[in-house]
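Just one chain is shown here, as structure tokens, and it is the form predicted on its own.
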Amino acid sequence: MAIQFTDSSVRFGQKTALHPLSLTLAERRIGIIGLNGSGKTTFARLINGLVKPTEGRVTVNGLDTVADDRAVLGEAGFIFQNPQHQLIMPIVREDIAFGLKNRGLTNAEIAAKTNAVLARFSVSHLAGRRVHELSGGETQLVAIASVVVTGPKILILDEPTNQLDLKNRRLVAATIDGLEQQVLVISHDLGLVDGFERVLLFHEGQLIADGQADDTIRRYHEVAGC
């Protein structure tokens, strides 16, 4: 799996949200850190086309995020900072099945895939629950399951442990560790990305550190003054 940025930058009006950068992301686990407003979420959203580059180019496994935008959406799944916002259907089972609609599958095939992903993430007992009744940790797991069931090769998670207690942070971390896909995690939870193969640090719209977790996190503390 390869994500390629080529002189990619983003402007919103007169504001430069992300200065030009070129790099390739091929590692299995990649962390993206930085202070609020640093450009890390803009960077991550370039990968599946939620944000388009103002200049330059972004490709995902050879697919251009502008020219091949629909295909890219199938390659790279995104779990938002508030996963409740992406749970569309009222019941957990219905929400997971929703992503499989219009894919030429029979009802039996949709049911089988839904049951399999529920079991994979150990949330089969939540199948009949209303999504608004889920705890924070349960919501995060269901959101991940709803994206994984569609078969993306890359997963991008925005603050997946935000506002979770220690037990659920550990549960989500273990879930991320067990995912087969290439995973990119945007996070202020430095412990979550500490063991990742590669960590990127953004500051004021620029990539200022890119390397092993220990080195990049040390640089983050210098920038944050903590």
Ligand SMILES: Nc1ncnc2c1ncn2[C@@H]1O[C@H](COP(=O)(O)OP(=O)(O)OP(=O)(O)O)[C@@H](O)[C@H]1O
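All residue numbers refer to positions in the sequence shown, first residue = 1. Everything numeric in this text was worked out from a predicted model, so none of it was measured.
This protein has a second form, the form predicted in complex with this ligand, left out of what is shown; the following refers to that one.
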- Query: Does this ligand come within 4.5 Å of any heavy atom of His188 in the predicted bound form?
  - Reply: yes
- With the cut-off set at 4.5 Å between non-hydrogen atoms, does Gly37 touch this ligand in the predicted bound form? yes
- Would you check, heavy atoms only and a 4.5 Å threshold, whether Asn82 touches this ligand in the predicted bound form? no
- Item | Partner proximity in the predicted bound form: Leu207 to this ligand, non-hydrogen atom cutoff 4.5 Å | no
- Partner-free chain; cross-checking this ligand in the predicted bound form, the single residue of Gln182, Thr41, Thr175, Asn48 with a heavy atom within 4.5 Å is Thr41
- Could you spot which one of Ala17, Leu25, Leu21, Ala213 gets a heavy atom to within 4.5 Å of this ligand in the predicted bound form? Ala17
- Heavy atoms within 4.5 Å of this ligand in the predicted bound form: which of the stretches 193-201, 166-174, 28-36, 63-71 has them? 28-36
